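A single chain, nothing else alongside it, follows as structure tokens in the form predicted on its own.
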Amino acid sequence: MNKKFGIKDVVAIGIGTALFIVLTNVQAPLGFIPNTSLQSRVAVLTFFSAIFGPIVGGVIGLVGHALGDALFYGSIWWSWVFPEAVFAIAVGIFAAKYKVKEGGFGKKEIILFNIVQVIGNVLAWLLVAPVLDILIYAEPAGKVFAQGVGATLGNVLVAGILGTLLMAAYSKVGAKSGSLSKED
């Protein structure tokens, strides 16, 4: 990855973080697992990670989740903030291969993206989050692994459906319009 970190990345972090925070309270509880919901903000995070890469995605996940928790819930649950960044970094590592910016987000790229996002979600929510919950907050293993299953399933669905749709639409329309590019 030979890309320089520039003004477009800073702007993307600002916009992505703001959207992530605003969408923090847009969720549908999973009912069968306490404190676990379907969250549309995951689609925004996958979109920015897939377009701008792992650094932008990781910062949006980290800062957006921390600020969203602080603003909407009054405290930051760090064991779920860090996995959000892990997920975004995993998705962002393959940003160039998705070809979203070039307008080439086709069947092969959609399959790759969804394989990566499933692996990223499993890593973040079935491994990192429960382990941090146990280490940081001394939460019961059964509870946090159940929440991890719920978060994984919910995020896989949201990223797989809404994230894929956002990237497909951007690839067809936005990528060709030269958005966030310097005008001559």
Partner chain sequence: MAGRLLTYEEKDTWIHRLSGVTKLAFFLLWSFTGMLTYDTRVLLVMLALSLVIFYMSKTEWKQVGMVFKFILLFLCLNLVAVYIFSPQQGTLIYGTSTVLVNLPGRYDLTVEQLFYEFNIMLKYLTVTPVVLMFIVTTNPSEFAASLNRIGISYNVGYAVAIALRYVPDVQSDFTKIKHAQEARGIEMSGKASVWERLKKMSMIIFPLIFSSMDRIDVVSNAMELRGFGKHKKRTWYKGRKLTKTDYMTLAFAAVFMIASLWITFADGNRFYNPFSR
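Numbering follows the first chain given and starts at 1. Given the structure is predicted, the values throughout are model-derived calculations rather than measurements.
If you look for the form predicted in complex with the partner chain, you will not find it shown, but the lines that follow are about it.
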Heavy atom of P29 within 4.5 Å of the partner chain in the predicted complex: yes
Exercise: V44 in contact with the partner chain in the predicted complex, heavy atom 4.5 Å: yes
Distance check, G74 to the partner chain in the predicted complex, heavy atom within 4.5 Å: yes
I119 within 4.5 Å of the partner chain in the predicted complex, heavy atoms: no
Sequence-ordered residues of 100-128 touching the partner chain in the predicted complex, heavy atom within 4.5 Å: none
